[in-house]
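First, one chain by itself in structure tokens, the form predicted alone.
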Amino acid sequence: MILVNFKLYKETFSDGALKLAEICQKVSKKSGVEIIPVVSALDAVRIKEKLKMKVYVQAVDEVDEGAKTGFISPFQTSELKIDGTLINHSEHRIKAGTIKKMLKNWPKGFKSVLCISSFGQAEGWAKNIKADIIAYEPKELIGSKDKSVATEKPEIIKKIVEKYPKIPILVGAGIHSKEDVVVSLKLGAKGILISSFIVKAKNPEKELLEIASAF
């Protein structure tokens, strides 16, 4: 599995988001690897309706319905046929207690991808949280062009995989080569969470095909 986080880069503004989602879909069909765009809530419904593919949003809030101006409800998002969401990305932190409350009252079938940045979090507050997927991304490596979680923290990847034997583990932060993915998969990860290396690439399709070839 590859999650491509579109973030809010200008390359994914307006029709850019749809274009990159089309690339994700095309590469997924070519490679046989599941590739899911993780997009702004503003783009999710349009991508879902036009491409009929799995789509995740980047974040939701701890609300269900009612007088809640400006929030993104996981229940409304799920009813709009969006497939899942990131929770607690390093650029969108949520308190541990809030995460627990959110996941106790959660839409059926709406996938939760809990982001953690250290093994300490896996041993601490995150150990009892029932998420569908765990994504390990050390904050200090996010966006790095010459270092990655696979080169700098391989022992932590292995420890987190062992910590969550029944939950798929994704890894991210600085992933920028086929070799990074190969190392991560050998250590037990089930996939990767990637962003700028694909979103800001001169040829996103070429780079995504190369990453997918590692699976």
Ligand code: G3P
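Keep in mind the model is a prediction, meaning the values are calculated, not measured. Residue positions are given as counts along the sequence shown, with the first one as 1.
Below, we turn to the form predicted in complex with the named molecule, even though it does not appear here.
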Heavy atom within 4.5 Å of the named molecule in the model of the complex - residue from L114, I82, A122, L141: L141
Proximity to the named molecule in the model of the complex (heavy atom, within 4.5 Å), stretch among 62-70, 156-164, 186-194, 48-56: 186-194
Evaluate A173 for contact with the named molecule in the model of the complex, applying a 4.5 angstroms cut-off between non-hydrogen atoms, and reply yes or no. yes
For the stretch 85-99, which residues lie within 4.5 Å of the named molecule in the model of the complex by non-hydrogen atom distance? H89
